[in-house]
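What follows is one chain in structure tokens, specifically the form predicted alone.
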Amino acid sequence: MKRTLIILAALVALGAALTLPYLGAGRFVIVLLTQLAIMVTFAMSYNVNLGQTGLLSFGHAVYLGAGVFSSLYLITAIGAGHVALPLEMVPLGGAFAGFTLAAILGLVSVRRAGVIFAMISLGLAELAVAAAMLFPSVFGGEQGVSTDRMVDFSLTGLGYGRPQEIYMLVLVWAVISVAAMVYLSRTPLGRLANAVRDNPQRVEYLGYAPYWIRYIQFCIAGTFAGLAGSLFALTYEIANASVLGIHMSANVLIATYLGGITYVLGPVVGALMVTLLEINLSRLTEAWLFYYGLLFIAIILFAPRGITGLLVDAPGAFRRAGISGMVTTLARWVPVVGLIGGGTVILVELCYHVSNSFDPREPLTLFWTPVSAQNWAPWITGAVMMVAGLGLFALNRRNAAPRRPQTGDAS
């Protein structure tokens, strides 16, 4: 039943994504959907390492960057007539670049899992950024490398100058990539990767080499990361060394955890949330990265299986508790979330306004109300809301904790 609902939801989402460009969607919506498709592909490739194989990487953006820069040069070569390749096939070049780099670096990286692998991946990421800055003739330095995707050679005859055209190209490749990664997760290799993640000693006892299983999975993840980088290059037509950096790697790590690493399609949900937060929340406040981090911490602490886990568990929780139980639960926890969230927003916005605004004496708008950071009232209001919310949280936790039966004295 759950699988049927997931398939139906995926088909509905795909149908909506395919029809939106023809329903008069604006340029902003098309760009948002294009960015979402790229992020979904990138996050799914990351989960091949983390969720399926147990390899926590802090440098997955290196393979995205390999696809980005190789595709930028490949598009330029196609436009100049040096390479006879349709523009639609450029993502294959990015995938090959990601695979090649992963095949080289994976020989050393996946010898160990856990903390050792994470530290190696972080070191390789910093090394890649340093190398990119040392070779500005290749990576373009701070200005980056640019290209023009409007070439003469394409299978469809489209020029791919309009956002709707490049969106459809990116969407097709994203759907193919996601479908391939979902299929691979259900093959014997995918099951062995899960076994290596959970108990590598037992896998080795059964006659399989955990190193080679990790290595193959690592190469697959690098391949699809490179393909995502190629979609990035086709969309933005410019990139610099920042695409290799820790920010991109942290972004995909957060997206994957938010969605849920234990679910194959969890990164899709996480990518949707991260993309919406980056584009919309950054337009509302300068402190969006701070809220971004708070959300990540909250998910790790209170929903370790991610948002997908909450969505999957919601129907069962509703059946067990019933309407009255759900109403009681909401009545207990909605005020807690509202007080802690509201108090946090007030205090954070006040701090950012005092430290970053051109004139701290000017009023700022909090919850559609102009307030002055020079007045103590909003500071006290935010602090009182925080304390009250934390107090209610502690009270609810104490009431929800199972009570130990009291045992009397046998004598």
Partner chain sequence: MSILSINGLHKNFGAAKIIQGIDLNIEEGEFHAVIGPNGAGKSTLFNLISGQFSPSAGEVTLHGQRISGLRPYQINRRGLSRSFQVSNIFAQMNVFENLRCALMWSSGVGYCFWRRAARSGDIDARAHALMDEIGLTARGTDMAGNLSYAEQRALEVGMTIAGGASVLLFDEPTAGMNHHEVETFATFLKKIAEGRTVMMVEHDMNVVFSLADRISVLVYGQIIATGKPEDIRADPAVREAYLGADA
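Note that the structure is predicted; figures quoted are calculated from it, not measured. Numbering follows the first chain given and starts at 1.
This protein has a second form, the form predicted in complex with its partner chain, left out of what is shown; the following refers to that one.
Visitor: Within 4.5 Å, heavy atoms only, one stretch in 144 to 152, 270 to 278, 166 to 174, 205 to 213 touches its partner chain in the predicted complex. Which?
Guide: Stretch 205 to 213 is the one.
Visitor: Does residue 288 make contact with its partner chain in the predicted complex, using a 4.5 Å heavy atom cut-off?
Guide: Output for residue 288 is no: heavy atoms all beyond 4.5 Å of its partner chain.
Visitor: Any of the heavy atoms of residue 328 lying within 4.5 Å of its partner chain in the predicted complex?
Guide: Although its partner chain is absent here, residue 328 would stay clear of it in the predicted complex, with no heavy atoms inside 4.5 Å.
Visitor: Does its partner chain come within 4.5 Å of any heavy atom of residue 92 in the predicted complex?
Guide: Although its partner chain is absent here, residue 92 would stay clear of it in the predicted complex, with no heavy atoms inside 4.5 Å.
Visitor: I'd like to check something about residue 265: if you look in the predicted complex, is any of its heavy atoms closer than or equal to 4.5 Å to a heavy atom of its partner chain?
Guide: Taking the distances in the predicted complex, the answer for residue 265 is no, it never comes within 4.5 Å of its partner chain.
Visitor: Between 118, 189, 300, 337, only one gets a heavy atom within 4.5 angstroms of its partner chain in the predicted complex; which residue is that?
Guide: Contact residue from the list: 189.
Visitor: I need to confirm a contact call. Of 333, 135, 73, 183, which residue comes within 4.5 Å of its partner chain in the predicted complex, counting heavy atoms only?
Guide: Selected option: 183.
Visitor: Establish, in the predicted complex, whether 353, 357 and 365 all lie within 4.5 Å of its partner chain, using non-hydrogen atoms for the distance.
Guide: No, because 353, 357 and 365 lack any heavy atom that approaches its partner chain to within 4.5 Å in the predicted complex.
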